[in-house]
Ligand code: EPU
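Okay, here we've got a single chain as C-alpha cells, the form predicted on its own, with questions on binding and movement later.
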Amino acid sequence: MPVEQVDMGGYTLIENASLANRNTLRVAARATLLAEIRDASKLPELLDFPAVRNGRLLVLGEGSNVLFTGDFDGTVLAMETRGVQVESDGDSARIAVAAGERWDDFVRWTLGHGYAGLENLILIPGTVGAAPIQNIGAYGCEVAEFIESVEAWDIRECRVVTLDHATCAFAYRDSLFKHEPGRYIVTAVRFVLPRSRPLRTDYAGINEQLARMGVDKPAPFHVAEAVVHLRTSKLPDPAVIGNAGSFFKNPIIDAALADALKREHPGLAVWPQPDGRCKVSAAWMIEAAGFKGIREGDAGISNRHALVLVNHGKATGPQLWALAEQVMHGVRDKFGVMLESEPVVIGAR
C-alpha cells in the first residue's frame, strides 16, 4: 500500500505510516494514519475528522516508552510543537514548555540558563509532554517535584484544561494520565525551577563519580556531567542498539515481604517508602534469576544492565514481549514478586 502525505497547515497527515523509526526499540510496525502536530491549536480540527474521532488514538513522543507488538489500527498522534516561555522572579522561574520539545534538550537548556533541579534527569530520552505521564525519574529525583501544572486537551470534554500538581496525582512512575488513558493529550508542561537548591549526590554512585572528576564543591552542571558518565557507562545507547531504557519497574511491595526477601537474599537493595511499603531492586532480582545478558534470537536483556530489554537487530515486537514475560515470570517464580513493564505495550494480549 503506498504512503500518502498531506500538509494541512499546522499538522501533517501520513497514511500507512512506518513507525520503525519512531520507537527506540526499533520494532517494525505501521499506523493506519500518522498525524504530526506542529500547532497545538489545530488539535480540535484534527480530532474532529471522522476517521480520527471514530477510531483508536495513540499519542507518541519519541517512542522511548513504548513496545509495539503489531501494527496500530488507528491514528498515531506525534506532538512536534516547540517553544519555551519563562517568567522569572529572580530566585526561581516558572517555565512553560511545549510538549514536543525533547526532554534532554530542555534539561540542558535549564542548566545553561542557571536553573537547578533537573540535573539528575539528564539524558533521559523522550519528550517534555511524556515526562509527567510517566513521572520520569532517575538518580533519586522525580520530575513531579518540579511540575506546577500540565496543560492538555481533554478529549472527553473537548476543551483545553490546566491540571495542577495535585490533580496530576503523581506517584512512582505513575500519574493521573495513566489512570485515565486516552482522555488527555498533553500540550505543555509548566515547571517551577530555582536558581539554587541542595544537590542530590548521595544516590547510585554520584558522589563517587564527582570524586573521580576531582569536584569537591559541585554545581548542578557537575552533577549532570556525573549522571551522564554513569548513564553512558551502564545503559546501552538506543542509537547503537534498540532499547527503551529501563523496561522493568522496581516493584513496591509490603514491608513484611521485603524483610523476608532481605533476610533470604542479603544483597537485595530495599528502599523504604513513605507509605510504609518498600521498593526493591528489579535489576538485582533479574540478575539473580539468571536473565542478565540472555538472548533469544535478536531479543535480549542487556549484559550491561539487567533492566534493559534490547533488540539486537530484527527482533519483532512479539519476540521482545515474549522474552520480557519470560523474565517477569522467572522473577515471580524465584522471589514471589511480579514485575511490571515501564513502557506501554501496544497490542499485547
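What you are looking at is a predicted structure, and each value in this text was computed from that prediction instead of being measured. Residue numbers run from 1 along the displayed sequence.
The next section is about a form of this same protein that is not shown, the form predicted together with the named molecule.
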Partner-contacting position among Arg304, Arg295, Lys314, Arg56 - heavy atom within 4.5 Å of the named molecule in the predicted bound form:
Arg304
Of Phe248, Phe72, Phe146, Tyr115, which one comes within 4.5 Å of the named molecule in the predicted bound form, counting heavy atoms only?
Phe248
Heavy atom contact within 4.5 Å of the named molecule in the predicted bound form, the stretch among 191-199, 216-224, 84-92, 238-246:
238-246
Given that the partner is absent here, does Gln319 sit within 4.5 Å of the named molecule in the predicted bound form, heavy atoms only?
no
Heavy atom to heavy atom, is Trp284 within 4.5 Å of the named molecule in the predicted bound form?
yes
is_contact(Arg173, the named molecule) in the predicted bound form, heavy atom dist at most 4.5 Å:
yes
Test of understanding: in the predicted bound form, would Lys234 fall inside 4.5 Å of the named molecule by heavy atoms?
yes
